[in-house]
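Just one chain is shown here, as structure tokens, and it is the form predicted on its own.
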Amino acid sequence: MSPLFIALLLPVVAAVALSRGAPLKLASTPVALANVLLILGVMLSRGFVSPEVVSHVGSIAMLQSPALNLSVGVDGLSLLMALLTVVVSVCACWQIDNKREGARAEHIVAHLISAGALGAFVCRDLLMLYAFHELALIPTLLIIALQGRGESANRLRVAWKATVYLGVGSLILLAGLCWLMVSLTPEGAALVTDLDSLLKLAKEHPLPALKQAQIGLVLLVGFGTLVSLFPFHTWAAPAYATAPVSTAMLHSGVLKKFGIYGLLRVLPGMLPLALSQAWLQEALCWALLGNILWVGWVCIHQRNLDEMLAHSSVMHMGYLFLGLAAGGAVALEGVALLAFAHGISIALLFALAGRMRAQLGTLEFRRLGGLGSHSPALYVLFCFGMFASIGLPGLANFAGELMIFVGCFGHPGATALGMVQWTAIAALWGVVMSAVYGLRALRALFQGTSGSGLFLSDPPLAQRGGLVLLASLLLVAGTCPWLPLRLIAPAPKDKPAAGAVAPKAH
């Protein structure tokens, strides 16, 4: 049996055990840590092989007509996303205060989100990939409504808004996926849902360019709503600012990356000509500029750390879509690397914001200041997260953003500045905006003197483990970007690992 089935089962078992009254210290963080070790074991046993090689394959038949299987397997991209999922999951569980009322529900939701995200990243069936993501959304929305911050009426309003946006987006996405599968399935044959089979069919019998663009538009709206692409983004910031800390870490850091992961799976392999249609590419460029410039401007005007981080998460999705609009190997590899880096950095920042709120009772900039003098460890960790978000060289986000911008100007077939290149030039202002609101937040929170006598103390050493782990990953991936890139970027003389098989599309 593939160890990936165990990785999917462990968080579900933990959630069931917790719901039956199992001790939090034994059934939550240790189980999440076991999943980290399991995914690392999968990575080591896979070895240094081509990113396109699918390993640790397994399948369980679920339906015969139509044929539907729970098929799992990892290539370089899915393994990187699985690693992101388990790392953020264990850190999210680590940040939950077990003495607080509602802590058990937060642990249960964290494990359910982890299971859904893992399923979405390691499944090799397009419908099951979609289904796992939807299963992870349900507990996310419920925990916001029931245990989010603020008054009950506001929590319900935020949860309902997110439900409507994500529900409609999911329905549009399902319609686009069905259209894609029906279009690629040979006439008279049973519906093909297997990811590798669809890739092979798309290569052997490519769809007309116009039809690719039409299906691509539907998928961009569906996936884009889940990723908070402008103008379908207004649900995201209130949801993250209201959600419990562990939920905000997992959704913004992991589950939202499902949309980018899905587009990386579908657009380059199955719909390679979709964004070559000028009208679709231009529409995507204008939309992503809304994320970077408009939402970046909104970030600058925030006066609360929670709200600023929530809008910052939405803003940075624009860079991922910029890489998709550019296409090409360098830009797409940059998208995957930045998705991983952003997941780590935003999870770290939300975790730190949660600890600060728990001690201070507020995150308003005007009421805080001088926090660094009493909490040097949190100050340093916050600098890691914020400087990574800004794109400082030496931290993980920088390498991904740089590859995306370089990929824009190495756009295939471009002989002059086109829409993608002008969009990249305009998007550079987003880096300036990130520096403005990021450095301002550092100054307002940790430097100067407190405006209201509030002071912050560092957590005990035992509670810093998850925070240090996230900061360390930002540093390692930033100084040695070839480590994550080795999973997703082809290298010469790759040799297959034992038990690994090449995907059918290649």
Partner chain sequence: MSVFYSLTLIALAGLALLLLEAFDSKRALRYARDASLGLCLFVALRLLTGNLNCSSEALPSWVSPWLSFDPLAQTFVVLGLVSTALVLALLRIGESYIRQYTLGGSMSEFYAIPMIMAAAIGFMAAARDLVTVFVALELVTVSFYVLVSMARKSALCLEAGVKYLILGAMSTGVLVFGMAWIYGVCGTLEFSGIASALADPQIAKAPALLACGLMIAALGFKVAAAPFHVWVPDVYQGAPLPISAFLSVGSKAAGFVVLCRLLEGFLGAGSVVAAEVRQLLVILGGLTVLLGALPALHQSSVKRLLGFSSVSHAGFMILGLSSVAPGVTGTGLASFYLATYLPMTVLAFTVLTVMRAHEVGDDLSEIRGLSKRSPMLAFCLTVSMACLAGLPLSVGFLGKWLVLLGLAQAGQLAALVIALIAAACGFYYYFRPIVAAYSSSEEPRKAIEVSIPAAVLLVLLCAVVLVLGLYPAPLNGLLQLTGAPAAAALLR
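Because the structure is predicted, anything quoted here is derived from the model rather than measured. Positions refer to the first chain, counted from 1.
Here the subject shifts to the form predicted together with its partner chain, a form of this protein not shown in this document.
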Requested in this report: Work out which of Trp94, Phe258, Phe382, Phe132 lies within 4.5 Å of its partner chain in the predicted bound form, going by heavy atoms.
Outcome: Phe132
Query raised in the report: Here the chain is shown alone; which of Thr193, Thr140, Gln281, Gln212 has a heavy atom within 4.5 Å of its partner chain in the predicted bound form?
Result: Thr193
Query raised in the report: Leu219 near its partner chain in the predicted bound form, any heavy atom under 4.5 Å?
Result: no
Report task. Would you please decide whether Met62 lies within 4.5 angstroms of its partner chain in the predicted bound form, comparing each non-hydrogen atom pair? Result -> yes
**Report entry** Partner contact for Leu79 in the predicted bound form: its partner chain, 4.5 angstroms, heavy atom
**Finding:** no
**Report entry** Partner proximity in the predicted bound form: Ala189 to its partner chain, non-hydrogen atom cutoff 4.5 Å
**Finding:** yes
Report task. May I ask whether Leu273, Leu305 and Met419 all come within 4.5 angstroms of its partner chain in the predicted bound form, judged by heavy atoms? Result -> no
Report summary line: Given 152-160, 248-256, 200-208, 281-289, the stretch touching its partner chain in the predicted bound form at heavy atoms within 4.5 Å is 152-160
